[in-house]
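Quick heads-up: it's one chain on its own, the form predicted alone, in structure tokens.
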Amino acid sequence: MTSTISISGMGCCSSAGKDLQQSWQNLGHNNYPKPTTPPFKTIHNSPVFAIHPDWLPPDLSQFPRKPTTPLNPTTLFCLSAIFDALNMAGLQVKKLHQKRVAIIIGTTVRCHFHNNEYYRKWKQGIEQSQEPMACFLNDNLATIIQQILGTTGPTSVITNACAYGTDAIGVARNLLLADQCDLAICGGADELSPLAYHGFSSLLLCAEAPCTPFGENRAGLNLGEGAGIVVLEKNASLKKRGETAIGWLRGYGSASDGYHPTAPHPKAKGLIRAVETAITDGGISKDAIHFINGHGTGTRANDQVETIGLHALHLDHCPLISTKGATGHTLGGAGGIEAVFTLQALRKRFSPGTIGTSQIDPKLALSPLAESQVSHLGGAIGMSQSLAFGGGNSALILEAST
């Protein structure tokens, strides 16, 4: 089935910029931030990409309902990106209750990694307030967003390792095709977390310097935080309210290789199946793809396997980049942020090179763009892909309106 789903708006926030406009300007001019010391105590030396504190919180008065519980940074990132996406879509927040709105968000941190101090005191037998536990039990990110927006419709939180944001967009697309909603707000969001940071550090996956995705001397990833959101609608709905699409979600594919808890399959079997499924779903040929925003974490295994898969798919002709050198790996936010960057590149017919990487590894199966190699894109169709722990692989085929 070929998708007929329009993208009417998108928004994002990360260390690269407080919104899409600032982020894209910084990416295009190589004016990206450098990672800094983590905002929590740690014995490890890997820097992180943190969002500037002056960018939060967003103006919550723009939303119909006040939150009933304190909002953690992940929720605030998500709300910021949602508001920008709705503005681009020409949708008034206070009128969303008139439609069936799906809220599908990918995340790993939410509030569930916030309660380190509570847990520490509990282990010591110290009596304390139960408010953190109440927040833990009641904090479903998609449901909280729905409550603040005052909408009705299906909600879901996707937790498929580092492919969550990509899968959230694919799931939302399927809900629209099944007529389970009139429009969908979807993507991913996450904040920096000591638990996630120490988990990746324990796996020896974090670099002690700024990450260099696809780089010859790459030494690992840097974690980051942020959110990326797209608004999906049926074409008929968009036309009815007199708006035009900024692009289309043409295809979606997801596949697991089930090879290892954290390592990708050395022959990229899951990635190959996911991309082939997305291309078939989109009803396009491989030659129609003119740009790929890769997962590109900067780890030795991910970057090697990713290029092996794309080479096996005969996609060597496509400019391939990673934007994680400007955002870090934002976990649940990555698929959403990178889908937004992919569509923006297609709209502008321009892609920056791989941020932070001056020398591409010559041993890769194909050659991504280095930072200095900007590319003027020859078409409007591209792909954003995610590779996840547990062998999860997902891909989106996106097309920009002309």
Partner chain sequence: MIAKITAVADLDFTSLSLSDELENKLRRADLFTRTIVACCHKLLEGQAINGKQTGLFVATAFGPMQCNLDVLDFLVEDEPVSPTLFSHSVFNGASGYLARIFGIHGPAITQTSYGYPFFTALAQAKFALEQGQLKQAIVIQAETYSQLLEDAKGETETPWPPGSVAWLLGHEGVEVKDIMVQESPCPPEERLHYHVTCSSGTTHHHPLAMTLELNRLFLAKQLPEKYQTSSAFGKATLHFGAAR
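Owing to the predicted nature of the structure, the values given are computational and were not obtained by experimental measurement. Residue numbers count along the first chain shown, from 1.
The discussion below concerns the form predicted in complex with the partner chain, not included here.
key: Listed residue that, although the partner chain is not shown, lies within 4.5 Å of it in the predicted complex (heavy atoms), from R241, H311, K286, H260   = Contact check passes for H260.
key: Answer option from M88, A219, V93, M133, heavy atom within 4.5 Å of the partner chain in the predicted complex   = If I apply the 4.5 Å criterion carefully, the residue I get is M133.
query = Counting only non-hydrogen atoms and a 4.5 angstroms cut-off, does N72 reach the partner chain in the predicted complex?
reply = N72: no contact with the partner chain in the predicted complex.
query = Is R173 a contact residue for the partner chain in the predicted complex, using a 4.5 Å heavy atom cut-off?
reply = Residue-level check for R173: yes, a contact with the partner chain.
request  = Decide whether A268 counts as a contact residue for the partner chain in the predicted complex under a heavy atom distance cut-off of 4.5 Å.
outcome  = Output for A268 is no: heavy atoms all beyond 4.5 Å of the partner chain.
Contact label in the predicted complex: P319 to the partner chain, heavy atom within 4.5 Å = Judged by the heavy-atom cut-off of 4.5 Å, P319 is well away from the partner chain in the predicted complex.
query = Which of 145 to 153, 287 to 295, 210 to 218, 321 to 329 has heavy atoms within 4.5 Å of the partner chain in the predicted complex?
reply = Comparing against the partner chain in the predicted complex, the contact stretch is 145 to 153.
key: Joint contact, K234, S237 and R347 to the partner chain in the predicted complex, by non-hydrogen atom at 4.5 Å   = Looking in the predicted complex, the three residues K234, S237 and R347 all stay beyond 4.5 Å of the partner chain (heavy atoms).
message = With the partner left out here, which residues of 226 to 256 have a non-hydrogen atom within 4.5 Å of the partner chain in the predicted complex?
response = If the 4.5 Å heavy-atom criterion is applied to the partner chain in the predicted complex, 226 to 256 yields Y252, S254, A255, S256.
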